[in-house]
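Shown next as structure tokens: one chain only, the form predicted on its own.
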């Protein structure tokens, strides 16, 4: 059995997997591979699958599966898994980092100091304490973010049509109920037909004036042009973003929008998370072999 690592994983993973068969990162061997391991960079399209006649198992190191043609994979008898349980802490910590960073102007302050400027009076900080955080998507990551926010004295509300109860957030019946009372809104959504472009010019009208928006879920759940306009008008105070329409982004209007903190899709990129991903992959392949 040939196992192909198509994207970057923990360096120790090939050693763990060699007991199952040959392990390679040579992408020219896609046609031979029975198992292919991917992250966000590799796109397992219909054409990709057609070029992999021996493929039986795809494992995505991470949460989202929007880079895999799930319908065609199923038609071809290919099993697809993700490693959703691994990334929860890493992504939640990054979302919380963005909340702290944009309200304390860390990027602006650091850049100004390197430029020899002293913006002590210009950069006014805002505390998280007693503010309301609205979480859209109360799955594993949303729950981990809620725990950390409660520790900072925040009130947490959330909307998720698939979650009926939570020990860490006051669940609201509609997104509008969340938007209208939230000082911060954090998105933790998969990319589906229902969530694509969810944050747009119409839904942004429901936000509190001067709210902060965080997205560590999927880039296409927002309409970038509409978010940029909300930032220019002051409807949004600031935007912290780790996810894009493509990696890296091409011609994004957010480059020129005010008060945007941009990250290069770092959500799952912790050493600890890569180790957890590797452990789950090892278990999944062991089950496949059985």
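Numbering follows the first chain given and starts at 1. In this text, all values refer to a predicted model and were calculated from it rather than measured experimentally.
As for the form predicted together with a small molecule, it is not shown, yet the points below apply to it.
**Q** Which is the contacting stretch out of 49 to 57, 217 to 225, 27 to 35, 251 to 259, given heavy atoms within 4.5 Å of the small molecule in the model of the complex?
**A** Within 4.5 Å of the partner lies stretch 217 to 225.
**Q** Only one of 123, 113, 163, 106 has a non-hydrogen atom within 4.5 angstroms of the small molecule in the model of the complex; which is it?
**A** Partner contact (heavy atom, 4.5 Å) among the options: 163.
**Q** Pick from 230, 63, 238, 44: which has a non-hydrogen atom within 4.5 Å of the small molecule in the model of the complex?
**A** It is 63.
**Q** Whether residue 182 contacts the small molecule in the model of the complex should be assessed with a 4.5 Å heavy atom distance threshold; does it?
**A** Residue 182: no, not in contact with the small molecule in the model of the complex.
**Q** Can you tell me whether residue 212 touches the small molecule? I mean in the model of the complex, with a 4.5 angstroms heavy atom cut-off.
**A** Because no heavy atom of residue 212 falls inside 4.5 Å of the small molecule in the model of the complex, the answer is no.
**Q** Taking any heavy atom pair closer than or equal to 4.5 Å as contact, tell me whether residue 91 reaches the small molecule in the model of the complex.
**A** Heavy-atom contact with the small molecule at 4.5 Å: present for residue 91.
**Q** Heavy atom to heavy atom, is residue 203 within 4.5 Å of the small molecule in the model of the complex?
**A** Residue 203: no contact with the small molecule in the model of the complex.
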